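First, one chain by itself: the form predicted alone, in structure tokens.
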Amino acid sequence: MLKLYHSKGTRGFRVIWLCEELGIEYEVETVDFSKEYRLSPEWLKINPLGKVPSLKDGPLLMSESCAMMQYILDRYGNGHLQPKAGTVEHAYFLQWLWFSEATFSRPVGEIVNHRREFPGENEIPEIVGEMQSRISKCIIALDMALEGKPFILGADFTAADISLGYTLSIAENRIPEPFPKRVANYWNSISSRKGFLVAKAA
């Protein structure tokens, strides 16, 4: 059985949501997210960077949530939630799957890290403003891509929507303006799915 080492609100959210959508069994082990535990020898054996999540499947032990998603899809997905490999549709699937983390999540994470180091009145507005601008550009790109489509690839919900959904969930309260209409409708749709709600509660 898949075993996910997870802390509430971390990127393990994506993996839980994916497993729920695929209907596959998994186990969640809650990880103490304190800095002291994450830098302990015990946890560093599981994740040498001291980060969360990690995924265990037999002898396999891996980190990076999007890579976990791709592994689960390829090994246990039976062709569900992703287009056929080698197709144009699969290329776009990969683009949005990785955009959600490599491009979209990055400025959100920068704001989180900045506010952790410079809380309250110590916050540097210029830095936060620049990151918010980058988040907004990503949301505009997503809004354009959603024109005429219920999901990012079209009519079918895929794991790319899961990955984007996690990033939207952490971006929502870190920008001053509301999501544009298409993104707002998309967000309302995917965040009402059972798998999202289970992951949120985990």
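One-based numbering along the sequence shown. Quantities reported herein were computed from a predicted structural model and do not represent experimental measurements.
Below, we refer to the form predicted together with a small molecule, which is not included among the displayed structures.
- The single contact residue among Lys149, Arg134, Arg174, Arg38, judged by any heavy atom lying within 4.5 Å of the small molecule in the model of the complex, is Arg38.
- Taking the partner from elsewhere, Val52 is found to have a heavy atom lying within 4.5 Å of the small molecule in the model of the complex.
- The closest heavy atom approach of Ser169 to the small molecule in the model of the complex falls outside 4.5 Å.
- In the model of the complex, the small molecule lies farther than 4.5 Å from every heavy atom of Thr30.
- Of the heavy atoms in Arg116, some are within 4.5 Å of the small molecule in the model of the complex.
- Stretch-level contact check against the small molecule in the model of the complex with heavy atoms at 4.5 Å: of 149 to 157, 44 to 52, 22 to 30, 136 to 144, the positive one is 44 to 52.
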